[in-house]
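In structure tokens, the next block holds one chain alone, the form predicted alone.
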């Protein structure tokens, strides 16, 4: 029997009104940051979401946690529909859904010592607090009591990110959404933070959603990976297949940009022309057709591609894969 998903996102869209033009000709247009995204995550799973800047990854992360209210679709956490819950009703749910942020300089209060930073969520949610609990949290992330009295500016970038993770762990969440948690760190520190998250997941049974623009990082860390472009998911499947044998031309271009670790070995680079179109005025048909190196013609410009089956139960939305079985959106996971 298949376990119930811990998180189920069903055709979620997050749109924002944008004012354009001068005061005499002011008009309101719609920015489609997320535009019909569906996926499900099982308890204890790692799920990666990758794409260029502006693809809608961070907006999707905040929509999952109900920082933003979705314009359309449904979000279910452990079977509970949280789409329309008000702030009071969301309180107990948010204790189980926490976010690790990218920018630790702005996410940690510079006026508070580490002990106060880790005490804050405990006080807010009425949980047991004190120096012993703070030290316990620090030890979980590889720090110790010598850091208790320090301020954020007295810590390195990697140490600040560990404090951010410890603050999340204070509430014993079931789901952690990590939004670009290592992109601001040195490469050696990135590996340490990712390995810490892997270790914590194993020890605590966490479910993790990792948001990143580096498909190599996501492929290393995640069991399943989804690729976003212009507010939509264009490919998803097991991480090892999406990153080693990508089916969508956009995913192939992302993979080709990863430097080869072997000296003297060259990888054929797929260079995309042009910029990502504006989410205010996205292209009709396939969102990628304006930059696609294998564009088939009018069908790509007019029709949104269905999801075609790929390796190991994955899928990719590309008209060039029309010789493969179609996956119904309700069954893509």
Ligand SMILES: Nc1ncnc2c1ncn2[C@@H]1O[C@H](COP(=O)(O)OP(=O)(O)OP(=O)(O)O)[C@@H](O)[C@H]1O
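All figures in this text were calculated on a predicted structure; none of them were measured in a lab. Numbering follows the first chain given and starts at 1.
We do not show the form predicted in complex with the ligand, though everything after this point is about it.
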Next item on the list: Tell me, out of 54, 36, 283, 43, which residue has a non-hydrogen atom within 4.5 angstroms of the ligand in the predicted complex.
Entry: 54
Check: Even though the ligand is not shown here, does residue 311 get within 4.5 Å of it in the predicted complex, heavy atoms only?
Finding: no
Note to self: Is residue 180 near the ligand? Define near as a heavy atom within 4.5 Å, in the predicted complex.
What the structure shows: yes
Note to self: If we define contact as a non-hydrogen atom of the residue within 4.5 angstroms of the partner, is residue 31 a contact of the ligand in the predicted complex?
What the structure shows: yes
Note to self: Just checking whether residue 70 would be counted as a contact of the ligand in the predicted complex - the rule being heavy atoms within 4.5 angstroms.
What the structure shows: no
Notebook entry, point to check: Who in 277 to 303 is close to the ligand in the predicted complex, meaning a heavy atom within 4.5 Å?
Noted result: 279
